[in-house]
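A lone chain, given as structure tokens: the form predicted alone.
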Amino acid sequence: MFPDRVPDLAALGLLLDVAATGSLTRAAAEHGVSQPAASARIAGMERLLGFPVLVRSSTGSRLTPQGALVADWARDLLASAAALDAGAASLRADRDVRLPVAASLTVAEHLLPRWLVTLAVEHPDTVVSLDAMNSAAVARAVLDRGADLGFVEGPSVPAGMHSRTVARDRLLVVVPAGHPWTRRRGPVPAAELAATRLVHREPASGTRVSWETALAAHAPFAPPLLELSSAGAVRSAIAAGAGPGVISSLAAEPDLAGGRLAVVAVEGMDLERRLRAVWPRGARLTGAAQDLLEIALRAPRR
């Protein structure tokens, strides 16, 4: 039986943008609709679902706990819809231009979808095949010419690569709501973090490399409490009470907005990082790869 109480994709996308921006007005602008139209779309979603998904105030909008869950489920649904659209595109006429792209999971999940929508509008004959992987694997794919363009996170440019910064991000130490660290009067020192077992991404990920670089003066580190291969898995483990963990600010937004995770202030660490487009040194970007890079460079930077 086809489900009859599932919101449409546009409404779900609007909900995710509210979670990301903390503002219904800004989310409406991202979708090219008026604020009243966005409010009506959210109200229609709430009627359909049977519960509120947003709490509105004079300072912005945040997701309810139910809304945060819907946003988590919606992210997978929208990713599947994007995959369906990409699959359909791959079946189009031979005149289509094909662009293989490799991207770190953070960029692939939180930035590339919007860039690819713009690419589809401006260059409808371009078909993108996207491989999402950790940053070390992205570098290998680009150097092996398995991808024309890569997007990585991490403290430095991979060897043998040209690069351009396309966005900025910040690593966060997060804990579940109610964790003892949320009641501390001051920040957690870097030395204490180095000695604490944390929930981490896998060693080759840009998030993990960035964290260990920022904490290098306090090595050796305590062994990880858990090593997980995606930001979603890290978020879920922390929210379930596994322990403190490290995550990209981009990936943490839905859980922070929904109140399931809390940020812990840290001391003595620079956790800002650049997200970069990369391609082989000595090569010149042309065609669809250059088009996508230009779209990424002109997109709003965080």
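These figures come from a predicted structure and were not determined experimentally. The first residue of the sequence shown is number 1, and the count goes up from there.
The same protein has a further form, the form predicted in complex with the DNA, not shown here; the description that follows concerns it.
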key: Options 272-280, 245-253, 66-74, 30-38; stretch whose heavy atom lies within 4.5 Å of the DNA in the predicted complex   = 30-38
message = Check T25 for me: does it contact the DNA in the predicted complex (non-hydrogen atoms, 4.5 angstroms)?
response = yes
request  = Evaluate G259 for contact with the DNA in the predicted complex, applying a 4.5 angstroms cut-off between non-hydrogen atoms, and reply yes or no.
outcome  = no
request  = Answer yes if any heavy atom of G60 is within 4.5 Å of a heavy atom of the DNA in the predicted complex; otherwise answer no.
outcome  = yes
